[in-house]
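The chain that follows stands alone, in the form predicted on its own, written as structure tokens.
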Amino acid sequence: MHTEKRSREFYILAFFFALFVLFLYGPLSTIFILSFQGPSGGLTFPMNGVSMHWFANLFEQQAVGDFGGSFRRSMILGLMTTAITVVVSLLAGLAFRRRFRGSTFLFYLAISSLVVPSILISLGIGLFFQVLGIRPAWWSSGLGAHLTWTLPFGVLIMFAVFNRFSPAYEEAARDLGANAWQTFRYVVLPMIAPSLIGVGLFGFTLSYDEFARTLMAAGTFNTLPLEIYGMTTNVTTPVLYALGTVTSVFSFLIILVALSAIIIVGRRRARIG
């Protein structure tokens, strides 16, 4: 039986892929394992027993760290960012389907925040709110800082979607008597729904995990990434690893829900088609 010989390029790519997987999942696996330390376990190997002690400790009163409050703030902030990102990205995608005066300048202005260092944007927004006499807070200045990160990605995704979207579907709907709203609701929206779900997932994950753009703009109360960072200098027990495991599992669940929604929408479109 003849077997095809692998080229040298294949092994080089396989080596770099293995390094990628190692650097991506190695630290995550270490944190996951150490979060199951016994009650007298420490922050490093070897493990001193196996238990769920540190997960239960998350829900108890801590000497440092506000787990519940920071998690709620990150959740609310992430959902607010997601909703605004989806709506604005959709409207921008619809608006830019036709050329208008200043569209090129407006496009580059919208995505310019991607090339500005995140910490400078956070600092600038925090200072701007102070100049206006408004106290920076996670739900106001923090929200603005996160939108400077999520909106450019959402807009770029919707631009790509509408660049491949054929206007023939809309023309057919109008020929059948549908008005502009009916065409959008029953034709355009179902077809771009998976992309909108992707934009929402992008917006939530970018906001939920964002650190640099939140650092100077969150005000008095921390979001979860800021809380975890603060705990690294104060917490000396595996409860920090337990928190990392819980938040990682939560992030994967969000991704799973989004992918399930995309699959469901795709199957409904297939049945209708």
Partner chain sequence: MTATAADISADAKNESDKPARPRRSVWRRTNHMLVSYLQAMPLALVLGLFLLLPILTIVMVSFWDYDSVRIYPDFVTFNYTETLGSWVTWKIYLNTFKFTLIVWLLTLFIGFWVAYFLAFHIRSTTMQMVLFLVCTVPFLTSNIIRMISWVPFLGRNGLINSSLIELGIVPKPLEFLLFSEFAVVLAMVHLYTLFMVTPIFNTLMRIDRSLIEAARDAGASGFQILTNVIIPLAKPGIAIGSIFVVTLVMSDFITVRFMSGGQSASVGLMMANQISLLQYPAAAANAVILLIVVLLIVAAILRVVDIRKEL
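The term rigid core refers to the maximal set of C-alpha atoms that superpose within 1.5 Å between the two forms. Values in this document were obtained by computation on a predicted structure and should not be read as measured data. Residue numbers count along the first chain shown, from 1.
FYI, the form predicted together with its partner chain isn't displayed, but the following is about it.
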{"query": "Ile192, Val86, Leu201, Met80 - the one with a heavy atom within 4.5 Å of its partner chain in the model of the complex", "finding": "Leu201"}
{"query": "Interface membership of Ile76, its partner chain in the model of the complex, 4.5 Å heavy atom rule", "finding": "no"}
{"query": "Any non-hydrogen atom of Thr44 within 4.5 angstroms of its partner chain in the model of the complex", "finding": "yes"}
{"query": "Heavy atom of Pro117 within 4.5 Å of its partner chain in the model of the complex", "finding": "yes"}
{"query": "Pro167: touches its partner chain in the model of the complex, heavy atom cutoff 4.5 angstroms", "finding": "yes"}
{"query": "Within 196-221, the residues that have a heavy atom no more than 4.5 Å from its partner chain in the model of the complex", "finding": "Leu201, Phe202, Thr205, Leu206, Asp209, Phe211, Ala212, Leu215, Met216"}
{"query": "Threshold 2 Å Cα movement between this form and the one not shown for Phe252, core superposed", "finding": "no"}
